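Only one chain comes next, encoded as structure tokens, the form predicted alone.
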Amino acid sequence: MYGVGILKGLGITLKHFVDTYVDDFKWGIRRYTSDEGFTARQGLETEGLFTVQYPEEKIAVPERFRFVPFLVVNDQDHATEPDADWCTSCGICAKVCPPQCIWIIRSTDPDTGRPVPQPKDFFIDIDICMNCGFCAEFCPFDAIKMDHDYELSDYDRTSTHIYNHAKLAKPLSYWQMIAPSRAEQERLSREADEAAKAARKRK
């Protein structure tokens, strides 16, 4: 019989419509004004409509969500090197970047003529970046990470979408906040590597 599929679809829509009002009656205003209500609406047990009231409400992204990279620097309260770059300007990230959107300005010590192991400036064109994460994956110093900030639209992309070192640098505490389990795994791995190096030196 023609039209059965349409009727079934309309029935599902009507069910969600009614369930939404039932949930609204159960929760009251808390459904849209409290963190509990937001969690319930996005949970597996929720009934009715699933609309997120963006931009007032935002769904939390998973830890492994990746967007534009950023550079890790020490926190301001670091004991010996506050705000120090983890990046050594080795250039591996720029070499492995598929769309070639990373470029680094290096400097040399005027007294010794040797390269300074930190970037003079660091640029990423976020309009070209494909958010693949290769730069973060290949960085030998854990100095580059993938950010969770996806709200980067702008009226002028000729200058504001080319991020320099000042825009890219974020403290270690920021990485620990957006990806706590990964940051902890990396910390334990670094400590294990340092312990292994110290053990080799003692032999």
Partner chain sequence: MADPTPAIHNPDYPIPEELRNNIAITTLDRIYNWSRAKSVWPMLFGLACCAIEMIATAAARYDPSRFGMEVMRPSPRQCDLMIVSGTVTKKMVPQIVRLYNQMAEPRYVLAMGACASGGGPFKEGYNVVDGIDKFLPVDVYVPGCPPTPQALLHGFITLHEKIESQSITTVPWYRKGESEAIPVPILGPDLIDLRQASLINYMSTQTPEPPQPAAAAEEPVAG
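Computed from a predicted model, the values in this text were never measured in an experiment. Take the two forms, find the largest set of C-alpha atoms that superpose within 1.5 Å, and that set is the rigid core. Positions refer to the first chain, counted from 1.
Absent from the display: the form predicted together with its partner chain. The rest refers to it.
- Contact between residue 75 and its partner chain in the predicted bound form is not found at the 4.5 Å heavy atom cutoff.
- In the predicted bound form, none of the heavy atoms of residue 83 sits within 4.5 Å of a heavy atom of its partner chain.
- Within 4.5 Å of some heavy atom of its partner chain in the predicted bound form lies at least one heavy atom of residue 42.
- Using a 4.5 Å cutoff between non-hydrogen atoms, residue 59 counts as a contact of its partner chain in the predicted bound form.
- Relative to the superposed rigid core, residue 16 undergoes a CA displacement of at least 2 Å between this form and the one not shown.
- Core-superposed comparison between this form and the one not shown: the CA of residue 161 stays below a 2 Å shift.
- A displacement of 2 angstroms or greater separates the C-alpha positions of residue 41 between this form and the one not shown, with the rigid core held in common.
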